[in-house]
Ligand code: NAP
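Presented as structure tokens, the chain that follows is alone, the form predicted alone.
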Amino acid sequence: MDFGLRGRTAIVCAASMGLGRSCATALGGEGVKLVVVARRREILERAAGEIRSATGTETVAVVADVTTKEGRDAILAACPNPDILINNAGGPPAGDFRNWDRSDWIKALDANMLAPIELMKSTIDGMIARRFGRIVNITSHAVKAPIAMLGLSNGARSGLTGFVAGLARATAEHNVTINNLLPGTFDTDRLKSNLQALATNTKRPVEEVTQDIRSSNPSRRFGRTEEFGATCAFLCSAQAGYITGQNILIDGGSYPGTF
């Protein structure tokens, strides 16, 4: 299927590794011109070069911290009129809420709620004017099924989810869609750190915890980042214009609910 994206432009945040990189690679494979963003220059530039080589698409690396105005300004200077925006940021640390103070909550909100909203605010009117826009926010399956030790993430990402629920209905008539992708246990560095935290909290070997989590999933495996990227690319496609305001789980069936 031709997704109808060739020649479009995309900003992909946290694109140096993991799920963000998989989204950038999938979009690049569809002929989308990329501006890939991350904080660590060496890792980002290496990733950009590999994406460029693999897809043949124009790929510009912007080293920036999306939680700061300076960082967002740098991103928008490189790509002021994106057709596609992929909001993504590493989740805040796991822990016990009793140990978090106000500064911990502000950091979580800045990264996982406020920065995505600021980037949407800066790009959405241009998308409306051009009558094409696709925004995908990478959140977490914990939005649907909260995990106690990920309270900072639960709170910040749920706030973004509530905001998007209203905004997405206001832009759909202009062919601008906004959706959230909720990853489950994908084989990423973030998963490894969460498994290590769980092992520490439960005083169990990390190998044992990893096997338990893997085998508890109905698919009996962790997700592959390529699967996530392909889903993101479809949501950005011309064919996905009737999908908006949705929270799409990609979790191998681990969420047990009907709705």
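Everything numeric in this text was worked out from a predicted model, so none of it was measured. In this text, residue numbers run from 1 along the sequence as written.
The form predicted together with this ligand is left out here; the points below concern that form.
Residues with any non-hydrogen atom within 4.5 angstroms of this ligand in the predicted bound form fall in just one of 208-216, 61-69, 48-56, 26-34: 61-69. Taking the partner from the other structure, this ligand in the predicted bound form has a heavy atom within 4.5 Å of a heavy atom of residue 17. At the 4.5 Å threshold, heavy atoms of residue 191 reach this ligand in the predicted bound form. Contact annotation: residue 90 falls within 4.5 Å of this ligand in the predicted bound form, judged by heavy atom distances.
Residue contact with this ligand in the predicted bound form: residue 133 places no heavy atom within 4.5 Å of it.
Taking a 4.5 Å heavy atom cutoff to this ligand in the predicted bound form, the contact residue among 40, 221, 224, 204 is 40. Residues of 172-188 placing a heavy atom within 4.5 Å of this ligand in the predicted bound form, in sequence order: 183, 184, 185, 186, 188.
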